[in-house]
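First, one chain by itself in structure tokens, the form predicted alone.
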């Protein structure tokens, strides 16, 4: 059994990691850290884990952590991760980092959107953890940068059609909506029930969201040239789930292409990407609690635009589920191990 540790276990992604790993056939969760809840059982912090995960949260130095597990998930904020990951790697451990610290390949771009980087030498080594694009690289990696939730929904939807050159890359507009768990577990007036219920609002409007450089990085690679997007996130009064609606102008070739055939061919062997038949649209409830991404599309023949719709669970395929998928690949486990369950419904 692979000994696994979660660093930052008291957030929503940490709890979801613990839930998935508790029934994983190839791993044993041996350590979980939390500064806030040190000394308390993880199942007291998250009663849903009662009699499933019996670990006590600890606040340990990296040197102590390294002796407790062979594989680590760092579910901590950006900047915090870059202070931990290099030491784990130096101790011979493998890491999936769920922060943004190693997703951006260009140090200058990272520092423009976040802060100075203390281990830039790892940016070239870290593999962007989207298995549908980088499966072979992930298999040989010791450090995987788990993608952001919004970028996962967007990149999976746009990658096939950008690679095929069937949309005008400069016309992409992305309208994404996320459940409240995407804002994290820290107390905030903006996230109180009375602030969220019966409401729906945009935030970080006008190109301010930090997922933009990550989205543009991967879309530019798909298009073979620079891509800039208009991206507006919204907060939904639901606990978990992301729906991204993406608009782009079709090229003359795209207007005539069999898009359903293109997407089916691209993703037919992918265990977690489901392409919906023409005329059907995805819904967050159909992926809730799963590691699936459902993609639908429709041509707007009046305007010549393509409308793509993509749904994921933001703490499933958008975070912890994808992190476990990456671990499976890095360790040579079956890719679906621990992740084969269907969505929660209703």
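Residue numbers count along the first chain shown, from 1. Since the model is a prediction, treat every value here as computed from it, not as a measurement.
The form predicted in complex with another copy of the chain exists for this protein as well; it is not shown, and the discussion that follows is about that form.
Using a 4.5 angstroms limit between non-hydrogen atoms, residue 298 touches another copy of the chain in the predicted complex. Although the partner is absent here, residue 174 sits close enough that one of its heavy atoms falls within 4.5 Å of another copy of the chain in the predicted complex. Shown alone here, residue 192 lies within 4.5 Å of another copy of the chain in the predicted complex, counting heavy atoms only. Contact between residue 2 and another copy of the chain in the predicted complex is not found at the 4.5 Å heavy atom cutoff. Across the options 316-324, 279-287, 54-62, 25-33, residues that bring heavy atoms within 4.5 Å of another copy of the chain in the predicted complex belong to 279-287.
Taken together, the three residues 180, 208 and 247 all come within 4.5 Å of another copy of the chain in the predicted complex, as judged by their closest heavy atom.
Of all the residues from 324-346, those having a non-hydrogen atom no more than 4.5 Å from another copy of the chain in the predicted complex are 336, 340, 341, 342, 343, 344, 345, 346.
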